[in-house]
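Just one chain follows, in the form predicted on its own, and it is written as structure tokens.
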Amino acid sequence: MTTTDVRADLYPSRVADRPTITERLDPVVHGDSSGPLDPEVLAGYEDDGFVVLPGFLGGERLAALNDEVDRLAADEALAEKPQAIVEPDSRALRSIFEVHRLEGVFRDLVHDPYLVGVARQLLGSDVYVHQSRVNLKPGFRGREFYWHSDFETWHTEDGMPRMRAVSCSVTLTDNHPWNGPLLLVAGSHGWYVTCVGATPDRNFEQSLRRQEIGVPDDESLSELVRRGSIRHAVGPAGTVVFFECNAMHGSNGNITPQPRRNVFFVYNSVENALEAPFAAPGPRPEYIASRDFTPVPV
């Protein structure tokens, strides 16, 4: 943030020479008990920062989503577009961004009444899609995603002002403890870890392949784990995981023969629309951080 920027930055990061851990200033659940999640599940989300719900989808719908991922992964023209992110040390596909704008099964999924209903219940308002992507972690060589809080990046690089967004990950393959599933630090969403190091220009070109700016220091991460515990979000294909935007998370590499692929949506409150970045030279591209704040239809 420049010296002429008079906005209130409630979550400054990447501006000091030492990291800090401070309490979050926003509610975890912004809505009420009315919605798809029952009070017990809602309380678990509020305490842990995430909830794992098996059996969300299956059958023909799950098969159609996997067929579409196969089609996209084989599309040579798509591989040359910026939405396609490859592994840092190979040409293997790591992520495909902006899938919610594709006509067909992914667009239908992001509009699913259950997913949108949960997002509205958690965020207490209409929601729009801040980001979408498919994450592929193939067998044998799928690389790790290092520990990070999404909100720290969305705040500093995208201009998301408050902690009022939720991530939704739908497993398209079985996620086992051994094939690089999502790892979360339970309770970490209650604390904001600031990071050290200024954001380079066009940092996203590197960070989406291997994140080095905006990751927690070892001592802060150890303290979060001491206060909480590391859990893995596992389940059969068709499981959905909702996790809070400030939850510390990551995943190990996959050296097993069993691939892991998930589709990932971020719902943000329309009352939490993006502003100018708080600690970056300029905003990230539209395909990474949407500035179309049109509510997802109910």
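Note that the structure is predicted; figures quoted are calculated from it, not measured. Throughout, we count residues from 1 along the sequence that is shown.
Another form exists, predicted together with another copy of the chain; not displayed. Remarks below refer to it.
Classify Phe97 as contacting or not contacting another copy of the chain in the predicted complex by the rule of any non-hydrogen atom within 4.5 angstroms, answering yes or no.
Output for Phe97 is no: heavy atoms all beyond 4.5 Å of another copy of the chain.
Phe145 near another copy of the chain in the predicted complex, any heavy atom under 4.5 Å?
Result yes; Phe145 sits at the interface with another copy of the chain in the predicted complex.
Within 4.5 Å, heavy atoms only: does Asp218 come near another copy of the chain in the predicted complex?
Output for Asp218 is yes: heavy atoms within 4.5 Å of another copy of the chain.
Is the gap between Ala84 and another copy of the chain in the predicted complex 4.5 Å or less for some heavy atom pair?
No - in the predicted complex, heavy atoms of Ala84 and another copy of the chain never come within 4.5 Å of each other.
Option from 65-73, 24-32, 249-257, 48-56 whose residues, in the predicted complex, bring a heavy atom within 4.5 Å of another copy of the chain:
It is 249-257 that comes within 4.5 Å of the partner.
Of these, Arg227, Arg202, Arg141, Arg107, which has a heavy atom no more than 4.5 Å from another copy of the chain in the predicted complex?
Contact check passes for Arg141.
Report the residue, out of Val196, Ala186, Leu93, Leu183, that has at least one non-hydrogen atom within 4.5 angstroms of another copy of the chain in the predicted complex.
Looking at the other structure, the residue within range turns out to be Leu183.
In the predicted complex, do Pro36, Gln121 and His130 all reach within 4.5 Å of another copy of the chain through at least one heavy atom apiece?
Spot residues vs another copy of the chain: no contact at all.
Stretch 168-187: residues contacting another copy of the chain in the predicted complex, 4.5 Å heavy atom cut-off
Heavy-atom contacts within 4.5 Å come from Pro177, Trp178, Leu183.
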